[in-house]
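Here's a solo chain for you in structure tokens, the form predicted alone.
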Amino acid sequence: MNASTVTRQPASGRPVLLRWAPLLLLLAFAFALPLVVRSATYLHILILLLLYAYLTTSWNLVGGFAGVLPLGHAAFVGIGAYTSTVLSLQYGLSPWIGMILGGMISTIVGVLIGLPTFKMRGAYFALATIAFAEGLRVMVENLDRLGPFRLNGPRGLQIPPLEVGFGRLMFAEKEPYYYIILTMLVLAVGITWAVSRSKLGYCLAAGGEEPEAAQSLGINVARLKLIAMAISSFLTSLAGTFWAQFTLYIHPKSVMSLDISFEIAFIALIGGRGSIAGPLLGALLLRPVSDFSRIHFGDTLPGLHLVIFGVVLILVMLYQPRGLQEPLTRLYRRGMQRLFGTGEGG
């Protein structure tokens, strides 16, 4: 066997193409789905599923790899939504530019939050992030203006659909929104995959599980967590802009509610935080439950989806504490082993 053959095959002996074939097929299926699903209602549900998969993947960079439990990521969604919307309405700036500016603001805010809170442990860190997110929501809800920027308080901001097109991130059909959020999700998963296989990812995992041992080896755990928080805050903020342009109306409770933060965390914990597949599996399994409960019980039992998530979370923590991705990953590996005769175990 020559050197080029060795470099093209992983240790298992399976060609690289076969190893990635199922994921490539899944990606091709996702991009082809709007060609089959023509219903605007079903496309709307799929877009929300992808949106929460994206949010959970972004959250997972700090909530999974860094080993902490942030419960205030709705703040970054709100910062992204309000930044792009205010700049678009008042100054005519493209939402794409507002999206990047909102991400930069969220990065700064995320680092400022992380500086004091990463010194806390366990529930204290989670409570601190909740306090910040809820404090920001209450502030926005009670302010008509913040300097020259009009926030409109609890009434929120309406985005008039005057100019449809990619440059304004506004479309008459659902399909463009679907492809944009799917592309964002692919990029977020790619960033997560790159981080997980980098020195940053290994050190984050070590610092999250055994911070004292990691520090004794010379790893600056607090600095690495701040880097993860910065990346996570930036990516989460981009979803806020997308959400604003998708719904064309935002108010503090729609983009800064603690329900959003809790739902993101539930999806990650149930799917399997600290893994790449966990947020995707969690969103795929739980978002339909959330949409179903809102459609059928939204008026009589508001918040039922969070109760269901809580029950599912208890069961998962009891029987699969590493999340649903672990048994499903074992099944996937066994299936690949039978199909391609590899030497991989479960």
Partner chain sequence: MKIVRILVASIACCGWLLGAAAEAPAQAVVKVGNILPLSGPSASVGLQNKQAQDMAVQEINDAGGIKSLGGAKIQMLYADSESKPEKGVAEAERFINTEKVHILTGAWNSAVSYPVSAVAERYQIPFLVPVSVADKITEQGFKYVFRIAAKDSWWTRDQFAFLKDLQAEFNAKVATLAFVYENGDWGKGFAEGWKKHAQAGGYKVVLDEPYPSTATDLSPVVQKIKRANPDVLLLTSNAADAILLTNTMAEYKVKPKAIVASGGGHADPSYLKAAGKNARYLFDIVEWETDVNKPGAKETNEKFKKLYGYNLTGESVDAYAAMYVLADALERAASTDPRAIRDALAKTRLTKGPAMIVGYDAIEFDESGQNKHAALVMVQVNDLGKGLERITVWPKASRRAGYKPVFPIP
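Predicted, not measured: the structure shown is a model, and the values here were computed from it. Numbering follows the first chain given and starts at 1.
What follows is about the form predicted in complex with the partner chain, which we do not show.
Per the 4.5 Å heavy atom criterion, the partner chain in the model of the complex is contacted by stretch 251-259, the sole one of 251-259, 179-187, 89-97, 67-75. Remark: Leu26 does not count among the residues lining the partner chain in the model of the complex, judged by a heavy atom distance of 4.5 Å or less.
Mapping the unseen interface onto this chain, Ala277 falls outside it, with no heavy atom inside 4.5 Å of the partner chain in the model of the complex. When the partner chain is considered in the model of the complex, Leu306 lines it closely, a heavy atom lying within 4.5 Å.
For Arg155, a non-hydrogen atom is located within 4.5 Å of the partner chain in the model of the complex, even though that partner is not displayed. Counting a residue when any of its non-hydrogen atoms is within 4.5 Å of the partner chain in the model of the complex, the hits in 30-45 run Ser39, Ala40, Thr41, Tyr42, His44.
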